[in-house]
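One chain comes next, on its own, written as structure tokens: the form predicted on its own.
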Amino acid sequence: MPESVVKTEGGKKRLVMDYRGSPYGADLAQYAQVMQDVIDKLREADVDEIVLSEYYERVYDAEQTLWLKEISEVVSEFEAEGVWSPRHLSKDQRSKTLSQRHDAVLSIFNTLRGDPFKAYLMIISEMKAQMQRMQALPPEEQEDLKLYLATLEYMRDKLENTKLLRKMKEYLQQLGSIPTDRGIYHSFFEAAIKPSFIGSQIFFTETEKLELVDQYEVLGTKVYIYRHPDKVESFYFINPPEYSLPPEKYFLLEKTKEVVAAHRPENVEFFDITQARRYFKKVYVATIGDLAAQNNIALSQEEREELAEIVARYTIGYGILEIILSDRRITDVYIDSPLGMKPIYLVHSKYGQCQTNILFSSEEARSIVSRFRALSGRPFDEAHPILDFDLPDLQTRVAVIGKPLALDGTAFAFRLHKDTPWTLAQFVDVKMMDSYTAGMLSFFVDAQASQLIVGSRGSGKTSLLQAMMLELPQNLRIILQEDTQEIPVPQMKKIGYNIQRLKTRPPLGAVVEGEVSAEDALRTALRLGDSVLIVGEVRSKEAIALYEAMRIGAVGNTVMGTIHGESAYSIWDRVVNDLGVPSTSFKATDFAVVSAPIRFKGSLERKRRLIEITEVKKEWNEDPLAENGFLTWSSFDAGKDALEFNQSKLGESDWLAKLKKLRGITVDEVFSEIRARGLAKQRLVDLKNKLGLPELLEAENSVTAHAKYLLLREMQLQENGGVDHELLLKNWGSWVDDSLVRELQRRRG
């Protein structure tokens, strides 16, 4: 009997039996001895699933386990009843046939433990043989035989009442013949296969009922998007290569993991994540090659590389999570407790909320939490049940909660950030705003307006902040303050921006020595010279320092940040009443730009839209709503799916009056500039759609196009003292066609 253990996972009990070193493989269908081992063990343990472990694991689901549990109960009942005892076989204890009957029943019983179907056939065969004999027997022997036949009928009926035998009989009726070997079991005990060193389980069930709507590849793994006709959510199924390898490759993976487990190079602590992965992958490739040669397993160099990548994923990587966290079409991933009870679910940028085919295990959770602790330098235990930090290599924000906060155990939430910054042109393309509004926001940035980007979680406010940052001229220095790294600073630096990033203490979790509060970081930022100030999210006491700086002009440049809210009034209420900023200090805000996820006509699908642009006027004292302190420039009409621009009311604008006074620009010139910027954004969108060039709207090219617009505009100002926007757009459009578009097409070949 192999070693076994019962593990509880997600409210399910799993019987795990270890067949490493066994003379027969870990396969219920193929080996009678394995089925006998399992059935004997099920007589002792009440479990929901069976896992047979070798170099990979075969997982038998709850239904298959139930079939065998019923067989084990029949075995126990036969044993308790003593069906082979003389009292069940003959009335005459001295009968010459008693020994034969005893041997026949005992043989059936022993066969039943490893081959229930064969045992059933043996009962049927024995009953037929005895019925044929009965014709020639004298009356007293016929009565004796009836006792034996009653025992056989009892055994037959017990087996026929099990689900497994009922299904087998139905199957045989369709098949029309009786298999002579164990082939029938392969039709009923098809296990889910997974590597033994991976805790999580992948399942493909009832896919024949699903409609395949999309498929693509991530890290060499096939991703399938399905829809079910009767379910709201979509399905996100993955099929990683490590779940469908031949046995010899599982052997190499397991042995490689054993060999390299104790390997630790000198100065590994000085490696960054990318360096470490590159180093260890070389080690794994060499180790796999040596092990393959030692065991006469033929492998190509490509196969060695693929196996090394798998080992790296489950040693120095993030396991099965690495695949879905590398899919940049995903925005959020959730793993709720208790682990293993429900599949991981996620939010897809195109298909919304999706259920996956991944059951994340407690074993893998412990491993990944240990890695997160090491990477973050933060504690995670019952005294510190919150772990909140960033994974820079995957551009993902991680939040882990545990007991006692999470009553059912460890749970995870991941927020994935876009690889490259969003651009205003991309927002126009996805209809979050129209091109005129994009031109307006671009102008606000250029005119150094202080702006708060307002919205609920998932409304796109951080993405909108990124896009507005790209409207800044690249000759300006930017100070960016964040507690979680959501702005893709490395990518912005690559395209020419000068950014100094300040990382502040996260709002949740244990305080780590040396971390700086958001308030202290903001006061430091104000001493770092003339710079644009970007606050990732206004949350707490730093709001007081921020508004002090804005009021006295200490910033002297554009100020932007995000804040949770649903309207201009809601953020005034929060900033003043919750965060303690004096009401009149709030006037330092020039504009509140509000975004929200909209469910048109109550649809299940959410679409991000800009819903409000409101100016904060300056002539009020206590309550801006009661004292006409807000001026709405644009408001959203869901019926039209459009922002309506209220130009007729802008004669009341304090900000436009200030702009005219300080910059000498008329209101007509302001709106001419806004219109021109909007038309420029629309031109890029139209070209992208006409020519099939999505990269035209990406940050690198969008910023280049905007910089050229600013340079051509500046040239007109220097030469003519004013701007002819029609000529400006004509010259800029020619440059876009002749230089930018042509270069992108050349790169495509």
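Heads up: residue numbers just count along the shown sequence, starting at 1. Everything numeric here is computed off the predicted structure, so don't read it as measured data.
What comes next is about the form predicted in complex with a small molecule, which is not displayed.
Proximity to the small molecule in the model of the complex, taken as a non-hydrogen atom within 4.5 angstroms, holds for one residue of Met469, Ala104, Ala312, Met432, which is Met432. Checked against the small molecule in the model of the complex, the residues Thr589, Ser463, Ser442, Thr256 give one hit for a heavy atom within 4.5 Å, which is Ser463. Here the chain stands alone, but in the model of the complex its contact with the small molecule, taken as any heavy atom within 4.5 Å, falls in 450 to 458 among 146 to 154, 570 to 578, 450 to 458, 357 to 365.
Although the partner is absent here, Thr331 sits close enough that one of its heavy atoms falls within 4.5 Å of the small molecule in the model of the complex.
Interface residue remark: Lys418 is counted as part of the site for the small molecule in the model of the complex, having a heavy atom within 4.5 Å. Within 4.5 Å of some heavy atom of the small molecule in the model of the complex lies at least one heavy atom of Arg608. Not displayed here, the small molecule is approached by Glu486 to within 4.5 Å at the level of heavy atoms in the model of the complex.
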